[in-house]
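First, one chain by itself: the form predicted alone, in structure tokens.
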Amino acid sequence: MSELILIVDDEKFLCRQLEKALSQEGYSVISASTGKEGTEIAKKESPAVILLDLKLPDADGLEILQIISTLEPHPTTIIMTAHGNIEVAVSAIKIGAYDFIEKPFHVDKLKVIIRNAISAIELRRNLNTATSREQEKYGFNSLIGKSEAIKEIIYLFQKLADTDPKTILITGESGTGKGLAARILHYNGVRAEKPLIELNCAAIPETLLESELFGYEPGAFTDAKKMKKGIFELADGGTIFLDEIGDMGLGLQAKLIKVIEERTFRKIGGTRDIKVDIRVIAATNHDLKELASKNLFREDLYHRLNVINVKMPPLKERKEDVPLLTDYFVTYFNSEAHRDITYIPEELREAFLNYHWPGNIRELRNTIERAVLLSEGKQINPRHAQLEETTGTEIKLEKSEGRMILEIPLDDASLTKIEEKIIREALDLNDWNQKKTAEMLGITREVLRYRMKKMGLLD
């Protein structure tokens, strides 16, 4: 369908010329000779582009521009005037005009401006369509569950939708949906039509992470042949999602504080500060407060990020949501893999409810995907939905807020197994530094080495 162009000008000869020239370009063209008539047509016909004269018999063009700038869908307006000057041009563009052309003009020049305007309209339409798709995909209902924990998070997100908190911290174990939470916050907030740029701080070496965040100027280092924009600049007006923020080095953390506090940064090799309007959403599966107490994370950055704190609950604490999530993933992978699974055996549902899901929702999702792909017919085969093997004699150890929590089966409370589990965990926590591990356990290094040798942990 051709784009509709509305000409609002009292010069009838000019209108006829433009109608003929623009119709030959494939546009649909209509004219109005007064501001009132032009406004009524604009409201009724929703033209893509309006060519508006500043001097009309019944109104000032800037007044008409103010009216049509409020219409939805928003028309793109090009100002035409024989009385053009810089002040009027600036005023028109501030109100919402796309461009400005001074009479008399060559029609070919106007055609170029209109083509550029149509391209900008198409780009805006595509962006709006993409945003609408993302908003539908990441609506509040994409947080599936009926547990109180999920209800509270949805309530919080709905409250945040109409506000614009500049920093949000999302915490929780791996696989609990921190990335999903960040997208819901963005696409249901006031910045939904602006960019959302995601960066995993643990996946990029620190030497490259700085250039990804801030960008660089030509010649900043050996391979910097031309200027590069960082994500802070690219996300201006929108949201940056920094996943695994706990793995960011202390040096970069110091630079991040300035961006959060002042909304300014400087490119690598740059000499001027760049101001941006961004929201920073950070996520981590670490306890940042504990890391700060050990000088592994900057305490001032922790407090800057921790303005709004969203804690995503592990799946084992919201078991009532497992059946809903199971059904959702079966339906999803039926569609993705063109399968027709309609029945899940009760013994499998029971096994899902009783399982501790150490990988949380991500593990449940992967389990369902594998089962749907491998099962035949309309029923999930339980042998294709295998869970991690657990036995009644397994000792489970979890870390929580600086403590180690043991779950010990009563039928096999073996001191040897308990001791080995604790020593292995303490070694992991201290990167297998024997001196630090011994201090943590309150024993000498010699005693620790003796125990490790007994357990086969020393070469």
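All figures in this text were calculated on a predicted structure; none of them were measured in a lab. One-based numbering along the sequence shown.
The form predicted together with a small molecule exists for this protein as well; it is not shown, and the discussion that follows is about that form.
Between the options Tyr302, Phe329, Phe100, Trp357, the residue in contact with the small molecule in the predicted complex by a heavy atom within 4.5 angstroms is Phe329.
Of the residues given (Ser142, Ser375, Ser293, Thr167), Ser142 alone sits with a heavy atom within 4.5 Å of the small molecule in the predicted complex. Comment: 320 to 328 is the region of 207 to 215, 72 to 80, 109 to 117, 320 to 328 lying near the small molecule in the predicted complex, near meaning a non-hydrogen atom within 4.5 Å.
Contact between Leu180 and the small molecule in the predicted complex is found at the 4.5 Å heavy atom cutoff. The small molecule is not shown here, and in the predicted complex it never comes within 4.5 Å of any heavy atom of Glu152.
Though the partner is left out of this view, Arg370 does not reach within 4.5 Å of the small molecule in the predicted complex, counting heavy atoms only. Using a 4.5 angstroms threshold between heavy atoms, Lys289 stays clear of the small molecule in the predicted complex. In comparison with the shown form, the Cα-Cα distance of Leu209 and Leu429 decreases by at least 3 angstroms in the predicted complex. Between Glu299 and Asp431, the Cα distance is greater in the predicted complex than in this structure, by no less than 3 angstroms.
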